[in-house]
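First, one chain by itself in structure tokens, the form predicted alone.
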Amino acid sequence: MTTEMNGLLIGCGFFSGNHLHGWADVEGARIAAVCDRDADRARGAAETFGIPAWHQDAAVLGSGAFDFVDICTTMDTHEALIAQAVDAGVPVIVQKPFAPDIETCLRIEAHARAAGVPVMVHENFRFQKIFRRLKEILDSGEIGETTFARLSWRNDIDVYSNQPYLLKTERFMIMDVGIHMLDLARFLMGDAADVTCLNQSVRPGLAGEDAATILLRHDSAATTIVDVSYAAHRHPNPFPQTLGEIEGRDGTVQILEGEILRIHSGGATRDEAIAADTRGWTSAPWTQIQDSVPRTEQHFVDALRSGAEFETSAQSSLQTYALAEAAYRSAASGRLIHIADLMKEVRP
């Protein structure tokens, strides 16, 4: 495959501008058309980003005009849209969360696998520069076998103005940001076998949780604490930084504000500052997240071209989603949830 691939982006809402800016930076692919049920939004996105065509009906997936589709819609629409793409033989990259529940995720993955159509979940936290570098340090063995991690994402960013539906979302914080953090925990520390969770609804009137504390026990016997909150008041606001540390048998790496990794190893300490990409369309405080979007999209395109497995394929993402499902079940029941037992229960 040597020619530029043509893509369709479905969903021209809040975060889609980052996707469209990102695709303009991707080598080997372009967005040839956008689609949204709201004609004004679809037309506006096409005009703003110089995209040749816009549509209101996702049935255009069956036209044969597209080499891939980027689904940037809410999770309740994913199953039907991915099914349309799969039935048309169009590879998919879909925004997280994969679907509203694990049973739906399993149906989506099974349908795509049976049809032989590749599906990737847009998990962009692991594609942030700071975490690609952190993974290199861990893989180098500099701090030895990892034994503990804490990944913390706590701020009071106003997510409700641009996404008011979150006020009425019963599965809120874990699905909005926690799912990214659980994928990051898997990326850095490996798969996990057991989950414990406590949820909180700090803001009055929410239908779901706006804070959660999750404890993972990994297959390696290492443990990770994932804590997330939209109700943590600090000045300046650390959004959108993930902070924490990873401990190994021979050292520790701290993840500090300002995108700094502090490595304690061999009796010495050094700091590595991770510089932003300086893309013309990014802006504070969103830069760290925005920079990761084209990297996520480039991985999708590169894997499609080479035939390699996506890092966050539908199949792999079932493991991440199982951790989120287990977190909700643990919070509701007060029990430790074994992932193996959960998957036996939910698989058809």
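Only a predicted model underlies this, so the values are computations on that prediction, with no experimental measurement involved. Each residue number is its position in the shown sequence, starting from 1.
Here the subject shifts to the form predicted in complex with a small molecule, a form of this protein not shown in this document.
- In summary, among the residues 77, 223, 201, 265, the only one with a non-hydrogen atom within 4.5 Å of the small molecule in the predicted bound form is 77.
- A heavy atom within 4.5 Å of the small molecule in the predicted bound form is found for one listed residue only; from 35, 26, 322, 61, this is 35.
- Partner contacts here mean any heavy atom within 4.5 Å of the small molecule in the predicted bound form, and among 206 to 214, 94 to 102, 182 to 190, 272 to 280 they occur only in 94 to 102.
- Not displayed here, the small molecule is kept clear of residue 247 by more than 4.5 Å at the level of heavy atoms in the predicted bound form.
- Residue contact check for residue 163: one or more of its heavy atoms lie within 4.5 Å of the small molecule in the predicted bound form.
- Residue contact with the small molecule in the predicted bound form: residue 146 places no heavy atom within 4.5 Å of it.
- Interface membership of residue 142, defined by any non-hydrogen atom within 4.5 Å of the small molecule in the predicted bound form, is ruled out.
- Taken together, 10, 41 and 124 are fully in contact with the small molecule in the predicted bound form: each brings a heavy atom within 4.5 Å.
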